[in-house]
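Considered here are two forms of the same protein chain, supplied as structure tokens in two stand-alone entries, structure 1 and structure 2.
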Structure 1
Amino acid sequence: MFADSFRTYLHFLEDENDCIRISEPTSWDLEASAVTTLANRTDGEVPIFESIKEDTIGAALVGDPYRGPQYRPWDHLARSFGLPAGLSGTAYYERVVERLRSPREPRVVDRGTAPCKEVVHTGTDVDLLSIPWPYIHQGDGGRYSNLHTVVAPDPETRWGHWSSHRMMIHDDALASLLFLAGEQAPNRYYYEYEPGDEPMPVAVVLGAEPAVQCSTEMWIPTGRSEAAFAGGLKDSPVNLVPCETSDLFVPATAELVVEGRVLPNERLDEGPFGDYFGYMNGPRRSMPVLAVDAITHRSEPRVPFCVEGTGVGYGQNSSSTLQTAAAGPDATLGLRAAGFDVELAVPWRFTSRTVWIIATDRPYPGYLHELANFIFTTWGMLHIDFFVFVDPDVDPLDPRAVLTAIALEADPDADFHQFGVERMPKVPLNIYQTPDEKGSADVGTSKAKTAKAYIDATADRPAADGSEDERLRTRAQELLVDAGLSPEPFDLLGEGGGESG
């Protein structure tokens, strides 16, 4: 059984005692995010804040609902896709890769049957401030929505392009969107709609079913439909419904949908914001304006949000979990489809949007440089500034195994490569970039480039056949079992333990 809505997913969490309902009145002003921060850091239950002070529509806030357990972040999402419980990280990746090989086209349902249309406000009835948007970090430029799917027009697919761009609330009908040039949807706005002085229709979807949120985080190639990949992910079509004020389609079971237009040649402040790197990112920028035309939602909608920054280090949040559990398998499939002999491509557990580990074969000299060139210049992976390549028998989901590979196999003189100084695309949010590299706050976005780097932590020596090592390991395990230890943890012994000698 899979989760075909955000509410079903929350019920799954509740059945496993992985979420907690908080009925005590809670403020959207830092209080909900403070509780969520504590839950994220302690691997606690996902909090559902059922009573929000000053709320007028009966909404509940949900803090980091897609966050998985710290050491098995894929567990909750695996269950929502109907996959077996207890999968190892490698097995989970392979199951998701197989699902993504078989996209399933969505189906369109009537407005009358779509839960996201239970309440419809258009025109002068729109009130963006009726929704209890959280103020997430002290120092943020305003109240934000930052865990949603932005649906934008796509000339190559009927269902539009899905992506994630945070939204800062300004008043009852206006917001600003973080549109960074170089990304797919912003490029359409900057290079097609705005030069033609034409507003670009978009829809911001909150509380989408897990497969939708995962496909939003994936790096689906241009011209391919995220909606179809979401269907493949859960092995069942996603239900879509037409918007009220545009030709776009949105997931029918969503909790809340904001419809609007990104206005040409108009800007509003955006930021600062406590970003996913774990620090306050500024300065305040001028970003495109979203004029809201309609708000539709379920009765008593659940509004999810992410406390960005808490997914850095030992904690997980929705953002870091979605990187590991969604973007990782998708990147693995993408690199294999491009002809690279990649075992797994996995975000580094502690900085999931900065460093990635790729376990790969190295069939010929220069292969890793060729692979690095591909990933540093391909849509989606251009966000990552730093890669570590390890041998295919190294588990990239195991930080200790990766650090061991770096320590033993990477020569600081020969295997650390700076790649493309001031020639590679960039994301102007990293803390280590200079103000010039981040781009001008007056312009609001930048086409500037920056450097990338990779470490070759693959073994240079010829692979040994390992037969003698394995014989010694087997003998050591036999001796330990003969001495009285349980054979259960020993991988080289059959049932019954060691040989009595």
Structure 2
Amino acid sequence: MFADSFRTYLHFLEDENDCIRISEPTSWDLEASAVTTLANRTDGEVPIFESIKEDTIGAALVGDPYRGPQYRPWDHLARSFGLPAGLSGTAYYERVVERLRSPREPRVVDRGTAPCKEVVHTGTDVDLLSIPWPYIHQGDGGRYSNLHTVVAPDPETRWGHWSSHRMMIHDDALASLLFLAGEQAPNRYYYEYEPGDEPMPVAVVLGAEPAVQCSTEMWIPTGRSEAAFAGGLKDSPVNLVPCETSDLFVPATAELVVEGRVLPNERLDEGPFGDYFGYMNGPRRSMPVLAVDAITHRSEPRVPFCVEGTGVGYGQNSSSTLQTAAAGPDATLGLRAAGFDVELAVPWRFTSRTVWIIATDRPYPGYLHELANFIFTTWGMLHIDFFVFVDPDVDPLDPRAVLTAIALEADPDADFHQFGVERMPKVPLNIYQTPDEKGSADVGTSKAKTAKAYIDATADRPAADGSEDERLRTRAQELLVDAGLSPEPFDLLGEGGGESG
């Protein structure tokens, strides 16, 4: 059984006692995110704030609903895809890779049957401020939506392009979108729509079913449809429904949809924002304007949000979990499809969008350079500065094993490789850039270029045969569990075991 809506997903969490309803009146103004921060850092239940102060539409805020448990961040999402409970990291990756190999085209349903159309506001009825958007961190530039799917036109697929760009609310009908040049939807806006003085239709979808949110975080090749991969992920077609004011399609079971146009040559302030690096990120800069034409939603919509910045270090949040549970398996599949002999590609747990770990064979000299070059030039390279390569017998989901490989195998003299010194494009979000370097460039890139680098932390000798050791280790783990230790951290006690990740 899979979760075909956000609500079903929340019910799944509830069944496992992994979410709690908070009925006390809670303010969208920092309070909901403060409680969510506590939940995130203590690995607690997902909070559903049922009574939001000053709310007029019966909405509930949901704090970091996709966050998984510390031991196995993918657990909740695996359940929503109908996968077995308690999969080890490697087993989960392989199951998801298998699903993604069989994309399933979406199905279009009538407006009348689409839950996201239960309430429809268009024209002068539109009131963006009727939704209790959270003010997430003290110092943020405004109230944000930051856990959603932005649907944008795509000339190569009928279903549009799905991606994630945070949205800052300005008034009852205007918002600004963080559009960073170099990413697909912003590129279309900056280099096609805006030069033609044409508004770009978009839809911002909140509370979509988990498979949709996951495929939004994936790096789907141009010309392929995220919607089809979402269908593959849950092994069933995603239901789509036409928008009210544009030709775009949106997931029918979504909680809330904001339809609008990104206006050409218009800018509004955006930021600063406490971002996924774990630091408050500025400066405030000009970003493209979303003019809202329609808002449709389920009755009493559940509005998810992410407390960005809490998913670094030990903490998990929706953003870091989606990187590990969705972007990782997708990247693994992508590299294999490109002909690279990759075991796993996994975001580094402690800063999931800045550095990735790739366990791989090295069939010939120069292979790692080729692989790094391929990744840096074909994927979401703007955000990623480093790749660390480890041997295929090193579990990249086990950060201790990776740290050990870096410490013991990466020779400063021979194993650190830069792709040019400050010659590569850079998003303006990295905190190591000065405000001057971040700039306020019109197209949202940084004035500064950066270096991309990879670290070869593979060993220069054959891997040991660990078969005998594994048999002994399994027996030792059994003895320890018999003596009273919790079985959870042990990786060899059945398919469900495994601390890694």
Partner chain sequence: MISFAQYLQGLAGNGDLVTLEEPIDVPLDVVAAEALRASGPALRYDRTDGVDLASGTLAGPDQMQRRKSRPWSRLALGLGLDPEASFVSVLETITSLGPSAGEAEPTYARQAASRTVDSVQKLHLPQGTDDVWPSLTLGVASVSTDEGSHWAPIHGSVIGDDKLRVRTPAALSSLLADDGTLSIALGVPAAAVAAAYLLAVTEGIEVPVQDCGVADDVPLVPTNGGLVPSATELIVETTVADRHPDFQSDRREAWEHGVSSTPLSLSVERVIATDDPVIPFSPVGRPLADDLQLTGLATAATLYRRVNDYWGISPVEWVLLPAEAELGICFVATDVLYAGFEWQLANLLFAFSSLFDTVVIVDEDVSPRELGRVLGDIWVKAHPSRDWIFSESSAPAAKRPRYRKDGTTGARLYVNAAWDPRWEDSYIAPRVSFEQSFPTSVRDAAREVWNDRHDAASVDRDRSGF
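FYI, numbering is relative to structure 1, first residue = 1. Rigid core (definition): largest C-alpha set, two forms, superposition within 1.5 Å. As the structure is a computational prediction, the values presented were derived from the model and not from experiment.
Form assignment for the chain places structure 1 as the one matching the criterion, namely the form predicted alone. Once both forms are fitted on their rigid core, the CA atom of residue 17 lies less than 2 Å apart between structure 1 and structure 2. For residue 51, the Cα coordinates differ by under 2 angstroms between structure 1 and structure 2 after the core has been superposed.
Annotation: Cα of residue 474 displaced by at least 2 Å between structure 1 and structure 2, core superposition.
When the core is overlaid, the C-alpha of residue 488 ends up 13.3 Å from its other position between structure 1 and structure 2.
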